[in-house]
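In structure tokens, one chain follows: the form predicted on its own.
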């Protein structure tokens, strides 16, 4: 279980965070699915396992890139924010 708590202030606009990962197979994606579903603030997520960087996209209104990196690292995966 993660320790991410929603902020007490009003939600910001929806934004998309993009990460390079080592989620290379459907099995990897299946393994992180419960973690992603249990993480407050993740509205939608997907992994493009056909992209060379195995891109993870997260839709959120308040999570920070460091929150997502921590979640994936704790699950045993590599996650690095990609620049815009």
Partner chain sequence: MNIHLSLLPMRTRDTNKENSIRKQAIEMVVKEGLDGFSMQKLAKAAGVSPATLYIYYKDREDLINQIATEISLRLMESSLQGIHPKMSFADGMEIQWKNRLKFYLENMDEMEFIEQIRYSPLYETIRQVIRQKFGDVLGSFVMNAINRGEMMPLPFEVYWAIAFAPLYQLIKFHSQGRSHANDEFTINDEMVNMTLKLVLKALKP
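Quantities reported herein were computed from a predicted structural model and do not represent experimental measurements. Positions refer to the first chain, counted from 1.
Only in words, not in the display: the form predicted in complex with the partner chain, which the text now covers.
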Practice task
Please pick, from 75, 18, 64, 24, the one residue with any non-hydrogen atom lying within 4.5 angstroms of the partner chain in the model of the complex.
Solution key: 18
Handout entry: Any non-hydrogen atom of residue 50 within 4.5 angstroms of the partner chain in the model of the complex
Key = yes
Handout entry: Any non-hydrogen atom of residue 59 within 4.5 angstroms of the partner chain in the model of the complex
Key = yes
Practice task
Report yes if any heavy atom of residue 31 sits within 4.5 Å of a heavy atom of the partner chain in the model of the complex; otherwise report no.
Solution key: no
Practice task
Answer for residue 42 alone: is it within 4.5 Å of the partner chain in the model of the complex, judged on heavy atom distances?
Solution key: no
Practice task
Output the sequence-ordered list of residues from 54-84 with at least one heavy atom within 4.5 Å of the partner chain in the model of the complex.
Solution key: 55, 57, 59, 82, 83, 84
